[in-house]
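Next comes just one chain, in structure tokens: the form predicted alone.
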């Protein structure tokens, strides 16, 4: 099946055609490891983890690279504040990152290069840019000259004559153009430094990603991804310096996830709504955060609220309970190994499966895909409600179980029980009542359906109807 992706570089939905048939070279900008990652980071890491896994599900061989920026102004500032070497800060928060990945169910990349381990490649890249006339040395600093790249701004749509000095572009009278950016920064007192042809110092932020991505994926690769906040200046500058030094297109497809807000406001420490991943994971397991992010398209802004998280808890628990019931019902029986695709009883599942995969192939439309997943759950629950199952029914359910496991190989949302005081028995009873209520609503027996909802609410159980099905939570 053809996979289509929205390419920020062209502002169009495009068919994914990799440089090498059957293979995907995929680079994601990782964090600057000076603190615990926050929920905005988590969104990027989860959605691109899902896309990486979906490529694998679709039969591609994926090489997935995510860098760690372990030398940067923020790391140095944190080290000075804590009175510890910058290397210790980087090691501490790199370790914390992988702990949070485990909590989120995010698979580690095939390669996690670091800036400090890639210094030789970074220096060679800067030397090439100077030799080709795209960079210049002032004292012991090196700057990239943006006027030498006529296509500067092609990713963000910004024009040189309209650009103002951005938040991460330093004001420096020594620059030929205020937009020229640092490739190498000379050492200041108390800062870590590496030897270079221009004197001791450290690399600029942008050159690190160009060096690390090309080192592991080549001069031209398939996908470069990150948060929308990285489009300018970071990714714009990566393109400029990389294409100047190689004379080739850098990345073919540029993917960016949307912003995350907290209760309608931008997340920031000044507003008091800053949330780290490990803070949220003390209350909600990673499957809940994954479900929460999957129910909104990755390119759209998303507003994190307690109500939204509760809905994700309900959806996650519904899936987990269904999978547990399905596994228990099939225990002791074996799949025949024969195709069930021609069986009439399987056709509704085959149709939903096709629609689910089609949604994922359409720029990773996870809201539509998860809605189809819950359609499958609802239909399968009709089988599970039967006291006796025929051999054909069992074979259909075995096929459904294999399908659901295949979907979860990229969704990653069927996990352990949500850690609260709901017992497995209570969960199973509520799910049964939800199924009965749904059957009554289909028969237009509204009064009885409403009575179930109202009695559950009196008992502290709130039902929440959504396109993906009916979920529940405790008041």
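All values reported here derive from a predicted model rather than from experimental measurement. Positions refer to the first chain, counted from 1.
Form predicted in complex with a small molecule: not shown, discussed below.
Against the small molecule in the predicted bound form, the set 226, 257 and 266 is in full contact: each member has a heavy atom within 4.5 Å. The contact residue chosen from 230, 384, 340, 309 relative to the small molecule in the predicted bound form is 230, the criterion being a non-hydrogen atom within 4.5 angstroms. Look at 37 to 45, 402 to 410, 429 to 437, 51 to 59: in the predicted bound form, residues with non-hydrogen atoms within 4.5 angstroms of the small molecule sit in 37 to 45.
When contacts are judged by a 4.5 Å heavy atom cut-off, residue 415 does not count as touching the small molecule in the predicted bound form. The small molecule is not shown here, but in the predicted bound form it comes within 4.5 Å of a heavy atom of residue 29.
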